[in-house]
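Presented below, as structure tokens, is a lone chain in the form predicted alone.
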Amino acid sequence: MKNIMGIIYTGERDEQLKELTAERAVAAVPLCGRYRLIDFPLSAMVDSGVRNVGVITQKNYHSLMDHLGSGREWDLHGKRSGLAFLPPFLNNNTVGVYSGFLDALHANLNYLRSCKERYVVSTDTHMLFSAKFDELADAHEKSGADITLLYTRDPGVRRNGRGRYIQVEEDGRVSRLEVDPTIPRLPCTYLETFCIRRELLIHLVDEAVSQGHHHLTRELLMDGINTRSLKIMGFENPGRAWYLDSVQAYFDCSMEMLDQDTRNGVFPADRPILTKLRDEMPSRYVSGAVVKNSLIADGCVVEGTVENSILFRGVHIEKGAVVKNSIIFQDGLVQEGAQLQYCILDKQATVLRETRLLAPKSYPIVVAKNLTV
């Protein structure tokens, strides 16, 4: 066990994924046939020896609560530590809605004070990457930094008008930070993941909120870098990263997972990605079914044609149906003779027989949860 606790923030940017987050938080968005986005940072923390994790939520968190449960699947159901679910609440200082991550941390200072670990690793859930948080914490401790920021040089996560970007000097110190620039000018993308000493975090959060600040990156970190009042270091995260800031970005990321090499990078053999169990029969392929280059979860029944697609648990593709370049969430049904191309079907959606949903690659169709078309 490492002397590190984890904080996962799931509270902002829900509107960017539109229909996919109408009834769920970004952290609960399904990915790769059986996982949720929160599984990746949560599993990375467990793999790094973290045994005490707080999940701070904002809204639409019921499906996330159902998915995480007691934390048993991640071995986070101990008596004195484990998984703590931290939904927003009303008191004299908060109105139940956080203006930013700084407000969220301030509302949960009692939780931070009750923990015993020396260091905190905090991350968000709207970015997907494979991380080793123990290496981040080791680098933080060795450098003597106040805060260490995790960053990537992957150009795929850069966006005009969005994102946080930093300048890292040769000695590893962060010298500049820009937030949501029209055109990013700094070379490194901050993955909104950092390591800090727990008592220092409590002090900085309390001080910043008392001065009327609400946003950790835009105000606390920016001020610490510009005034050099804090020693803020950078730690590079190798490998790919994805910024899931739109339905198109989510779709493109999912389609990239059909490539074996990409999956190997996201699902390292020595650090498994854990998720909620759902005991299902193995998938069944009826005589005459055609499946090419697809991810098929357990519990599916395939009678038709599936190409370059991802089927979550319990999906049924009836005889004569053709599904290409599409994603079908849990318990979806595509009836006989239907055709899908570049579509995303949310949970328990049904496509009636002979229906055709054909979209361009640049604008996939999204069928909402429990909807019949």
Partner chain sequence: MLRKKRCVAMLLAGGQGSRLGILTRHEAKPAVPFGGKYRIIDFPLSNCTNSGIDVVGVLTQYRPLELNAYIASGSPWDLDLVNGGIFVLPPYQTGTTGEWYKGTANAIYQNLAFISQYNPDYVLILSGDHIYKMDYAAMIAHHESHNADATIAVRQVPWDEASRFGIMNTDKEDNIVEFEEKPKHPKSNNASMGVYVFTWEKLRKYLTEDEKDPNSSNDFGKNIIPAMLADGQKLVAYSFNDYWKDVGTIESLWEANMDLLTDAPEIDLHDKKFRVYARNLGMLPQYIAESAQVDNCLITEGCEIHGIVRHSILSSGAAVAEDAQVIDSVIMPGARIEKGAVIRRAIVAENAVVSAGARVGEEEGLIAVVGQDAVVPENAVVTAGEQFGE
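Keep in mind that this is a model prediction, so the values were computed, not measured. Residue numbers count along the first chain shown, from 1.
Same protein, other form: the form predicted together with its partner chain, not shown, and the subject of what follows.
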Check each of Val286, Val179, Leu200, Leu109 and return the one that places a heavy atom within 4.5 angstroms of its partner chain in the predicted complex. Val286
I need to confirm a contact call. Of Cys32, Val53, Ala321, Leu64, which residue comes within 4.5 Å of its partner chain in the predicted complex, counting heavy atoms only? Cys32
Decide whether Ser294 counts as a contact residue for its partner chain in the predicted complex under a heavy atom distance cut-off of 4.5 Å. yes
Is there a heavy atom of Gly299 lying 4.5 Å or less from a heavy atom of its partner chain in the predicted complex? yes
Heavy atom of Leu258 within 4.5 Å of its partner chain in the predicted complex: yes
Quick one: does Phe85 come within 4.5 Å of its partner chain in the predicted complex, counting heavy atoms only? no
Using a 4.5 Å heavy atom cut-off, which of 267 to 275, 215 to 223, 112 to 120, 152 to 160 contacts its partner chain in the predicted complex? 267 to 275
Its partner chain in the predicted complex: contacted by all of Arg263, Glu280 and Asn308, heavy atom 4.5 Å: yes
